[in-house]
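Single chain ahead, by itself, as structure tokens, in the form predicted alone.
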């Protein structure tokens, strides 16, 4: 992952996907894979090259929860906020963790160690409440289990 914006690299990503019928999503995925987030500069370049408005690009980036507009922490904890998880106490667990960490949704700890992001279904409804830490799924998390996951990221 490279956090420094390199227009030539973004151009190469766009060029590699231009032959696709609808290249916006693959381009954005590749940019995020390369840089860890999608910067304003990258969105501007994508809009210009794909001949769409910056508002369209930003609309897609802001709609999908997996896209970021700033770098994430070394570890990413995604907490499910779907109905099944809410019914099993996920909102209270998340609120307690966010308060303890001094974060809002999408925030990163001051030391850059952990980013906490909301997701709206991880597919573990039968094991609610659930979370994903660095791509690994965890289910049946009470407040202590969620705290343990956050400590694991330390």
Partner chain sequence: MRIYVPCDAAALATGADKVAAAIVAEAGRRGVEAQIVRNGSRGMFWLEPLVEIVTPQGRTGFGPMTVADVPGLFDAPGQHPKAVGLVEEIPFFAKQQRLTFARCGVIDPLDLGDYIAYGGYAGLAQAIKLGPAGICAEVKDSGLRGRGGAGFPTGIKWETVRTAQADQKYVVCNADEGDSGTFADRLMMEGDPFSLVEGMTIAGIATGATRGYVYIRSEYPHSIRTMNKAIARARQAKLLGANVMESSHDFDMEVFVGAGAYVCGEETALLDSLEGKRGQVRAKPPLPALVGLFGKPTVINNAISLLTIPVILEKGAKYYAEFGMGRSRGTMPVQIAGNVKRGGLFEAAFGITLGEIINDIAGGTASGRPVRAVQAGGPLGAYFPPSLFDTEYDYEAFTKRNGLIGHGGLVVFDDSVDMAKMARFAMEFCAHESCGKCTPCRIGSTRGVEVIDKIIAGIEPEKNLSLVEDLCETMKLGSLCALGGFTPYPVMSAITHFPEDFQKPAMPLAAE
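This one's a predicted model, so the numbers in the text were calculated from it and none came from an experiment. Numbering follows the first chain given and starts at 1. Definition used throughout: the rigid core is the maximal C-alpha set that superposes within 1.5 Å between two forms.
Although not depicted, the form predicted in complex with its partner chain is the subject of the following passage.
Between its partner chain and the residues 106, 102, 59, 112, the one pair within 4.5 Å by heavy atoms in the model of the complex involves 59. Only one of the listed residues (124, 98, 47, 30) places a non-hydrogen atom within 4.5 angstroms of its partner chain in the model of the complex, and that residue is 124. At a distance threshold of 4.5 angstroms between non-hydrogen atoms, residue 67 is in contact with its partner chain in the model of the complex. Contact check for residue 139: a non-hydrogen atom falls within 4.5 Å of its partner chain in the model of the complex. Shown alone here, residue 20 lies within 4.5 Å of its partner chain in the model of the complex, counting heavy atoms only. Proximity of residue 16 to its partner chain in the model of the complex: non-hydrogen atoms within 4.5 Å are absent; the residue sits far from the partner.
Three-residue candidate spot 24, 88 and 120; every residue lies within 4.5 angstroms of its partner chain in the model of the complex by at least one non-hydrogen atom.
Using a 4.5 Å cut-off on any heavy atom, the residues of 66-85 that reach its partner chain in the model of the complex are, in sequence order, 66, 67, 81, 82, 83, 84.
Core-superposed comparison between this form and the one not shown: CA of residue 96 displaced by less than 2 Å. Once the rigid core is overlaid between this form and the one not shown, residue 140 does not reach a Cα shift of 2 Å, moving by less than that.
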